[in-house]
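Have a look below at one chain only, the form predicted alone, in C-alpha cells format.
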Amino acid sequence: MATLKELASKEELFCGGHRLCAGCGIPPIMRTILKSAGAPVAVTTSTGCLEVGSTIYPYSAWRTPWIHSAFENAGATISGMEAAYTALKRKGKLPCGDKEIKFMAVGGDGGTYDIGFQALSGALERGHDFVYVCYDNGAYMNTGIQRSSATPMGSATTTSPAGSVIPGKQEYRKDLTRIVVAHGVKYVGQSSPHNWKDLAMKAEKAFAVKGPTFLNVISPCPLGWYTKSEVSMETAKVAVDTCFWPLYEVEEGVMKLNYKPKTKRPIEDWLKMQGRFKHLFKGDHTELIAKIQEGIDKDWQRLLDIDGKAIF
C-alpha cells in the first residue's frame, strides 16, 4: 500500500474548484479513493451533494469518464456500464484495446440506503464488477436536510424536527453495511476520511476484487450537522472513537475490526459537537441519550464477538 507521500503525489482525479461546502467530507473521500484505484476508473454518481456540487454545467471536477444517474438508479447505471465494457472487450471492439478499466458508483445515504437500494441490491446479486461508495452524512443534505434511514436517533432534521413533543428522529439508523454483507459479496469495508490509511487500504482492496464490492464512509456535513467547517475531521474521528461508526471490513466472509479504541468514548462526546443534537441537552432527555448509547454498545459488542470469524 502507498505511503501518504506517494498517495499525495498521484494524479488528482477529483480536482478543486467544485462547489461542495467548506469542511464537507466528500472531497477527501473521493480524492483518497480515486488515488487508490490502481487503474483508470469510470464513474457514475447519483443525484446528491456530490453530483450537484461537482458538475454544475459547463464545469466538472471529474478527471475521469463520468455519468450522472438519477437519485434511484446508480446501481443500474454502473451495471450497464460494466456489462457494455465486458461485452466489447470480449468481442475485441474496445477502442482502448485490452486496457483494464475499473468501475465505481457513488451515492449519498439518501440515494443508497433509501431511494437507490433496490438498484444497488440487484447489481450486487447479479455480480457486476464494480465498487459502490456511499458517503454517509446522515440525511438528505442536498435537498434541505430531511431525515433518511441513515439519520441517527435523536437527530433534528426538517422532517424529524425537535420540538416539545418529539425530540428528533425516534428510530435507530439502518445498518446498511451489515445488509450489504448479507448479499455475500467478496469485500465490504466501513471507513472514515479522518483515517486516510484505513480508507486508502480499503479502497485498494475493493478495486482489486473481481466482482461487486462496497465501501461505506462517514461524511461530515457542517451544513446538516451544524458544526464549524474546521472541525469536520475531528467529528469523524470522535464518531469512530465512540463506536458510533466502527472501522471494519468483511473479506471473503471473514469480519475484521480495523480499529479498537483504547478507551471507548461515550456517545455524548459526539452528540455535543453537533447542533443537530443540541436539543438533547436542554430539558430532560437522559433516557433518549441512554437509549442511543445502548444501541451503540449492543452493535459494538456484536462486532467484538465476531471479530476474526467467518460470518457467512
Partner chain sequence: MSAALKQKKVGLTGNSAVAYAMMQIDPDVVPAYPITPSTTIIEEFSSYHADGKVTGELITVESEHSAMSASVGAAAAGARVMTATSAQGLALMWEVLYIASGMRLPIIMPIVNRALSAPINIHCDHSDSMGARDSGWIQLYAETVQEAYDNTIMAVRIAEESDVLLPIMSCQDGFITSHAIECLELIEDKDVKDFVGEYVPKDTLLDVDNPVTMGAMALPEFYMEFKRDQSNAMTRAKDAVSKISAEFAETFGREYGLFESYKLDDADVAIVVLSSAAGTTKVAIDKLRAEGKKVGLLRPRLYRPWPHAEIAEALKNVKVVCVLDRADSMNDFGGPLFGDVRSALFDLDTAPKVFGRIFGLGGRDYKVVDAEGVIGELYKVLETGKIEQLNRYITI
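Numbering follows the first chain given and starts at 1. Nothing here was measured: the structure is a model prediction, and the numbers come from that model.
Below, we refer to the form predicted together with the partner chain, which is not included among the displayed structures.
Peer 1: Pick the stretch from 129-137, 171-179, 205-213, 97-105 whose residues have a heavy atom within 4.5 Å of the partner chain in the predicted complex.
Peer 2: Residues of 97-105 come within 4.5 Å of the partner.
Peer 1: Evaluate Val240 for contact with the partner chain in the predicted complex, applying a 4.5 angstroms cut-off between non-hydrogen atoms, and reply yes or no.
Peer 2: Although the partner chain is absent here, Val240 would stay clear of it in the predicted complex, with no heavy atoms inside 4.5 Å.
Peer 1: In the predicted complex, does Ser155 have a heavy atom within 4.5 Å of the partner chain?
Peer 2: It does not: once the partner chain is placed as it appears in the predicted complex, Ser155 has no heavy atom within 4.5 Å of it.
Peer 1: Does any heavy atom of Thr235 come within 4.5 Å of a heavy atom of the partner chain in the predicted complex?
Peer 2: No, Thr235 is distant from the partner.
Peer 1: Just checking whether Ala76 would be counted as a contact of the partner chain in the predicted complex - the rule being heavy atoms within 4.5 angstroms.
Peer 2: Ala76: yes, in contact with the partner chain in the predicted complex.
Peer 1: For the stretch 116-135, I need every residue with any heavy atom inside 4.5 Å of the partner chain in the predicted complex, listed N to C.
Peer 2: The stretch 116-135, when checked against the partner chain in the predicted complex, contributes Gln118, Ala119, Gly122, Arg126, His128 at the 4.5 Å heavy-atom cut-off.
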